[in-house]
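Have a look below at one chain only, the form predicted alone, in structure tokens format.
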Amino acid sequence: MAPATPFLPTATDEKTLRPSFIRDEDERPKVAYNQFSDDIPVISLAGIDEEEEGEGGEKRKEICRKIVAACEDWGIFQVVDHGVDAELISEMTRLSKEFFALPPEEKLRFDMSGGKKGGFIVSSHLQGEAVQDWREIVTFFSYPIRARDYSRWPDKPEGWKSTVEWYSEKLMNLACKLLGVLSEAMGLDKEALTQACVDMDQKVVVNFYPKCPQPDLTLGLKRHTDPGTITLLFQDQVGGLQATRDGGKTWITVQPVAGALVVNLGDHGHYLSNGRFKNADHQAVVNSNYERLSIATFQNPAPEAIVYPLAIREGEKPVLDEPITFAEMYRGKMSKDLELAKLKKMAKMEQQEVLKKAGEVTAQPKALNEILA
């Protein structure tokens, strides 16, 4: 007997969500996918490469000031005039949509479940998820170049490999430029944050969020902060990216801006700045009207890179007790996330068992009364 095909959100016409996708009430969306906010700044990078002296220098200083303020406030902002060709973004978008429109068996040739490094999967590559996210993803590990495993890069649609290579290079260059701004703001050399990554790696994650039958019960991507240094995200015009800065009490939906890239600072960047720059706390919601596409490039430090503040301002204490490697930091973060999810799941099961027993207890006297009547 042939093995059953895994469930794919893109290949279902079910009218209700499967239990594995239903989130607890406190994790469900509070704000609609299209209830947009303009709280997240949109910053033009036109002039950022000007010389620091003269009129051009003043323009550059203003751009840098806006970037620093956004990182101190939200840890998230959008950039336009960023130098990434619109035609390249359009081609990445077209190829991505074509991939997710392939038959399930074509996508599953690159199934990355079971720990494979790169490829296609539903929800997340993390093992032991308590609840699944309503999305399909395809991942490419693109930097360092010597570590690329093209056997894990899907071979359809034609032309995707060369486009991803080009896109990866442009996004890596932009990320390093933005890290240079933050390095200078910390009073360090422009290369300080990039060098702290040792040998920066980059992971491209293409997210596809299909229409969802019950979007009020689930998430496209659960609440989290990125573990790495800096993330650049292209999102289409549908909407669904949400951010919070009060621990999840209130949420805003980031306004999609044509041609813009969203910049999220991750945990590594947060720690290197000694907490001065926020690690963006975010999630993605889905809807029943439109499918949504986003393309994220995660710039992360090498596993052996040391995580510890590079600059500690007067009167501050280090946000970390002692230096650790990024590999240790990442493992600790993932283990904590999975353990919290596991504990929450166990608590929910125990609560259901208590309610069930309480129901049996209250039901028993009623039955006896009926018998004795």
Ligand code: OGA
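For clarity, every value in this text was computed on a predicted model and none was experimentally measured. Sequential numbering from 1, following the sequence displayed.
What follows is about the form predicted in complex with the ligand, which we do not show.
- Message: Taking a heavy atom within 4.5 Å as contact, would all three of 233, 292 and 298 count as contacting the ligand in the model of the complex?
- Response: Yes: 233, 292 and 298 each sit within 4.5 Å of the ligand in the model of the complex.
- Message: in the model of the complex, is there a heavy atom of the ligand that lies within 4.5 Å of any heavy atom of residue 209, even though the partner is absent here?
- Response: Yes, residue 209 lies within 4.5 Å of the ligand in the model of the complex.
- Item | Residue contact check: residue 138 to the ligand in the model of the complex, 4.5 Å heavy atom | So residue 138 does not count as contacting the ligand.
- Does the 4.5 Å heavy atom contact test between residue 282 and the ligand in the model of the complex come out positive? Taking the distances in the model of the complex, the answer for residue 282 is yes, it comes within 4.5 Å of the ligand.
- Query: Even though the ligand is not shown here, does residue 148 get within 4.5 Å of it in the model of the complex, heavy atoms only?
  - Reply: Although the ligand is absent here, residue 148 would stay clear of it in the model of the complex, with no heavy atoms inside 4.5 Å.
- Only one of 76, 179, 261, 221 has a non-hydrogen atom within 4.5 angstroms of the ligand in the model of the complex; which is it? That would be 221.
- Of these, 241, 286, 171, 193, which has a heavy atom no more than 4.5 Å from the ligand in the model of the complex? When the ligand is considered in the model of the complex, the option within 4.5 Å is 241.
- Using a 4.5 Å heavy atom cut-off, which stretch among 225 to 233, 162 to 170, 77 to 85, 185 to 193 contacts the ligand in the model of the complex? Looking at the other structure, the answer is 225 to 233.
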